[in-house]
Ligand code: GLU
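Presented below, as structure tokens, is a lone chain in the form predicted on its own.
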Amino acid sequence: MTDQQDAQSIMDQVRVRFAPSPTGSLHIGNLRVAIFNYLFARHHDGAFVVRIEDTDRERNVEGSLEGLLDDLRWAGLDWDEGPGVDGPFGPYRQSERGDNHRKAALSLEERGLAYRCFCSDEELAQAARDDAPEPGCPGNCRSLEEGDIRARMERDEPSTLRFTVHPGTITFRDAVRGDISLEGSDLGDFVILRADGRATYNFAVVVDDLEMKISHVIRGAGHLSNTPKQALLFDALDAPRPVFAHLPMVLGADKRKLSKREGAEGVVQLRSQGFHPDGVVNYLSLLGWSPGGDREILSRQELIAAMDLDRVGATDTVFDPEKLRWASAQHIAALSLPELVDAIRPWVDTERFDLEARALPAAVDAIRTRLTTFGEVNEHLSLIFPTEDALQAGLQELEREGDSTLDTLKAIRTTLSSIEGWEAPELGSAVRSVGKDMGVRGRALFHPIRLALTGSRQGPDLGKVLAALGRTRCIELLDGAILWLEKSEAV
């Protein structure tokens, strides 16, 4: 069966799967694969399946599964079938599907497509040291007589089940890279069932993909080496191959592979820092794929509408942490003020910043253009609500601001105490009006006010700072600064 026929014979509904192993926390490379599968499924009104491949018991980490699922939920990648979801197949844990794997493997043995291998671990290790040629196994088990096999099985000799790979060219089509070929003699006969009855990775995923009717296998380029084996197994099981699509590899700034072992930041770290999940999904979706044009910031729905495999490139792509932070900032900036306040409220240090209900929205409005993550809120709130030490240092700096400083602060105090409304635009206009009347502008106007209110010459928009502090606190701080300067001049 050709790949063209395979593609045509795939069922009408698109069904994709994300199949992580619970061997640690989810890193951004894994999340990127999940994002591509999710967006592709939603674009085609298909199913996004999560399958936990947990057959490698020795490497499984306790609590990892829960962490993986929490990371997917945080990213908004809601799955249709899988752990915790009732569906026609779920929940999916590969370790619970061993009977299915064994049944399929034995069917291949019965049809003469796989054979028993009785080679010991020592023989296999020696063959590896001797660089024994493939195909087959060191003991030439492929040529054993049926009676010999039966006798050895009756003696309970340990055996694996190997799939027979015949000489000839093996070709499969990759939706990203086109046709890929290799010689069967280079692949060799490979184990599909271990001596303890457990299926090997390549065989288990084929059986699961087949039974779950997976139409497209979208995964990282690191799985390319597995694909020839899996293509042969689909053929042997008389099943159409799914559409294979291998995403380009993600590299770090040093051009080395980005992975859990090579310094990839874990999703849990992004969550703990308060990255906007839509910003993360947006940025990672662009690693190796283009929506067309110069667009870089897209909403979830825009990504879903644009996602297809035609625009996925084969060239390795580089992960840029600063670009990720920028994307997060853009999605934060796009939130309405009420949405941003709700999102940021859990991150506010309420012991440090005792803000009234009205003060928080005003304060968030003042700092919103400075945020790249929700976790930065306290750092930026300190620009509006500084410590007493910072305010004291600001008073000392006031003495260096020039002769007009005291008169400027008194005029500002008078104007603010009589203003009716207390909204940022009106407050900003009032400050500028005072400066115009006094013939003071720029630094000579704004620096004294900022030093008096926040202890710093720099900060967010002054009108928004005034709005966030509130009338009572502003007057209190201005009175303190005026008194400080009057005492200084009297000395």
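Every value quoted in this text rests on a predicted model; they were computed, and no experiment measured them. When you see a residue number, it is the position in the sequence shown, counting from 1.
Keep in mind that the form predicted in complex with the ligand is not shown, yet the notes after this line are about it.
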Subject >> His223, heavy atom within 4.5 angstroms of the ligand in the model of the complex >> reply: yes
**OP:** Indicate whether the ligand has at least one heavy atom within 4.5 Å of a heavy atom of Ser25 in the model of the complex.
**Re:** no
Subject >> Residue contact check: Arg219 to the ligand in the model of the complex, 4.5 Å heavy atom >> reply: yes
**OP:** Report whether the minimum heavy atom distance between Val205 and the ligand in the model of the complex is within 4.5 Å.
**Re:** yes
Original post:
Only one of 311-319, 69-77, 197-205, 232-240 gets a heavy atom within 4.5 Å of the ligand in the model of the complex; which is it?
Top reply: 197-205
Subject >> Listed residue that, although the ligand is not shown, lies within 4.5 Å of it in the model of the complex (heavy atoms), from Ala468, Ala19, Cys474, Val16 >> reply: Ala19
Subject >> Contacts with the ligand in the model of the complex - residues in 37-56 whose heavy atoms fall within 4.5 Å >> reply: Glu53
